[in-house]
Structures are given as C-alpha cells and as structure tokens.
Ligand code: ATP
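One chain follows as structure tokens, the form predicted on its own.
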C-alpha cells in the first residue's frame, strides 16, 4: 500500500512486473562502490533488495546520493529489473534516493554480523540490535508463541482479563518483592497474578487467561532468570489438576503449531530444527527414583536441579509433565492430594531441560488454606482478604502459567534468556 515513503515492502517486489516503478524504504545494509557501478543493499523488516546504479545509465546525482554509510535510513524510488545473478532474481534501478535522517553517530557494532558483538553491548543498543536478522527472528518466533497461546485460549472458551501489577502485599508469600511508593502507602510490584485470576473464577468467569508482566526481586545472576518476565496464564473453574494438565498440553501443542507455521524462515535463520513433541506424564516420585538410578543425589522433598531437569529430558524426551510434587515444596495454595496429602495436585512442564510452566489445583476451602499458611509460618490474618473470597462460594479450580521468555529461549536455541526479552530487566540492567 503506497504512502509517502514506500509503495511496497521488499517481500512484495517479486510479484511486481518488470519495468514497474516502485518505492521502498528501510536501512542501508551494505554498499559497494567499484567505480562505475554502485551496489546498495536496502533492508526492511521483510527482506533485502539490491539497488544497482551504473555510470552512463543512472543519474549522476542519484549515484552520489547512494554514497551512504551502513544503517542510513532511506527511501528509494526505482524500476524493477530481472537479474537471475542477484538475490531474489531481480534488482532495483534507482531514479531517486533520499537519506531521511543522516547519521550523526557511528554504529556501535556491525549489524550484518560479520564482526560479532558481546551481548551486553548489543543490549545497550537494543534498538540497533533489533535490526540484526537473528534478533528479528527471535522476536518473530516469540510473536508466534503468543499467537499460539491466544489461539488456544479462544478455541477453548477462555476470556482474557487484565489484572493489576501494583499490589498491597505479597500475593504468594515470600520477601522477593519490589517495594514502591503509592501515594501515602507502601505497595509492591506483583510477583504473580495468581490471586486475581482465582478471584475472577470465583466471580463466575469460569475460564480466564492473561498475558502479564511479573516482577521478582531475586538477586540472581543466571542465564535462566529475569527480574521482570512475562507469564501466559490460565485459570479454570470446576476443574482439578488433571483438567488443567489437559489444557496445558493443548496450549503447548497450539504454540508449537503456530511457530512451525508462522516462523519456518526464522527457525532456519537461527539454524534451529524441532518437531512437535509428545508430552509425557510422570509422577515426582517416579521421576526422582529414575534420576537416582542414573546418578542424581536428589531425595524426596527436594526440587529438581538444572542438571536433574536436563537428565529428565534425556530419560523421557523433550517435553515432560512432572506431577504430584511434595506439598512442602509447592506454593501454600496448592491442593494436597486427597489420597496422599504428602503430595499435592501440582505439576510442571519441563521442555528441553528447562521448566517452562508450573501449575496446580488450588485450595478452595478456607480451613485448608488457613492450615497451609500456618504450616509455612505465615499469618493467616495477613491473607484475610484472600481467605474471605473462599468463604463466599468458591468452586474447585486449577490453572498454570507459561513463561514467555523461557519457552522462547528453548524454541530459538538461545543460550541466555536476556536474548528473549526485548528490553530485559535483570539485577544490573534498567536501560534502555
């Protein structure tokens, strides 16, 4: 669609008849001046096209205007000419070149990737790093993940809600909260939307989903953690953990379908191949028994280490749901199993050696909830608002959350989760 700066994206030019005049806009990816011929590669978000000017056939002013540094932002008008020797099978013969905003500073690193740059340097200039085809591919895939999640939610009758990110007190207990000033009060950034999706179900919405930021003030410095991350959550009423696990499998399948359908070229750019994985189920007790038989030191009541999660993938396959974790190591609101209260109706999805999702059936009876809080040394009075909600007709319910950056990390083959957050927040980074 023509506007002031372009008539076509690069990806649309293949269908334009030879000799047609078009206008494209983007960035100068590469230039090469060999005297009587100047080559310029123009890049937009959809691809790259070669622009070729020759002495004797091109306007000298146009050739002069093509003498631009890399990453200059330009609009170019030209005629389509078939040329089987260049990329795409055609080139653009320019009739007008306009530098829309002359560069005032040199680029902090080579966008083409010919000279590798450190991750921290790229994150310092993320707005430039996003021009790299590899970085673009990561966020194209992440967009497909979100599409897959929302498609799943729409097909299965979930209603989207938007909970707040500012809370009066810890929603899950614990002290890893960011405190903020809220007028004359103390407040915190939410570490989880848990309470709000439960309240929505108690309010009769029955099935809800959300995509929200969460904040954890944990002082870690790892390749797997962020202090602000994005969760894709569901909660469903009149359901137990088995119902929620079935929905988790559907969501995971929908996400993989979307990535394979929408982002095949991006996976190729990153050199990543994967096939849809059948999700296997195993109980926590069976999982630790098998881990122990293969050399792990894990014992009942301990959570999996990173090495354990990697080993579980090797033993069971790329995608595994571990269920019935010990009640003592799960969130206080996880429902104890009716047949064995030592374990809870909780579960995690581990994909390619990394936990990407966690969930449970929730305690919906006030007396059980008070007992669970007291066992963990928490004062039920501090959770009175939460408990009161269950005194007013709360149905059985269950849900889970999927970590957007974590699943993106595994689908893209990234080695650091900061690659998968557009503007990551970790212990040191607050800009850009």
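This one's a predicted model, so the numbers in the text were calculated from it and none came from an experiment. Residue numbers count along the first chain shown, from 1.
Not on display, but discussed next: the form predicted together with adenosine-5'-triphosphate (ATP).
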Is the gap between residue 137 and adenosine-5'-triphosphate (ATP) in the predicted bound form 4.5 Å or less for some heavy atom pair? no
Does residue 248 reach adenosine-5'-triphosphate (ATP) in the predicted bound form, with heavy atoms at most 4.5 Å apart? no
Please check if residue 276 has a heavy atom lying within 4.5 Å of any heavy atom of adenosine-5'-triphosphate (ATP) in the predicted bound form. no
Residue 401 within 4.5 Å of adenosine-5'-triphosphate (ATP) in the predicted bound form, heavy atoms: yes
Heavy atom within 4.5 Å of adenosine-5'-triphosphate (ATP) in the predicted bound form - residue from 218, 281, 342, 262: 218
With the partner omitted here, the residue among 296, 72, 229, 313 that in the predicted bound form has a heavy atom within 4.5 Å of adenosine-5'-triphosphate (ATP) is 229
One stretch from 402 to 410, 37 to 45, 387 to 395, 54 to 62 that, in the predicted bound form, holds residues within 4.5 Å of adenosine-5'-triphosphate (ATP) by heavy atom: 402 to 410
Is adenosine-5'-triphosphate (ATP) close enough to 225, 306 and 358 in the predicted bound form that each of the three has a heavy atom within 4.5 Å of it? yes
Suppose contact means any heavy atom within 4.5 Å; which members of 17 to 51 contact adenosine-5'-triphosphate (ATP) in the predicted bound form? none
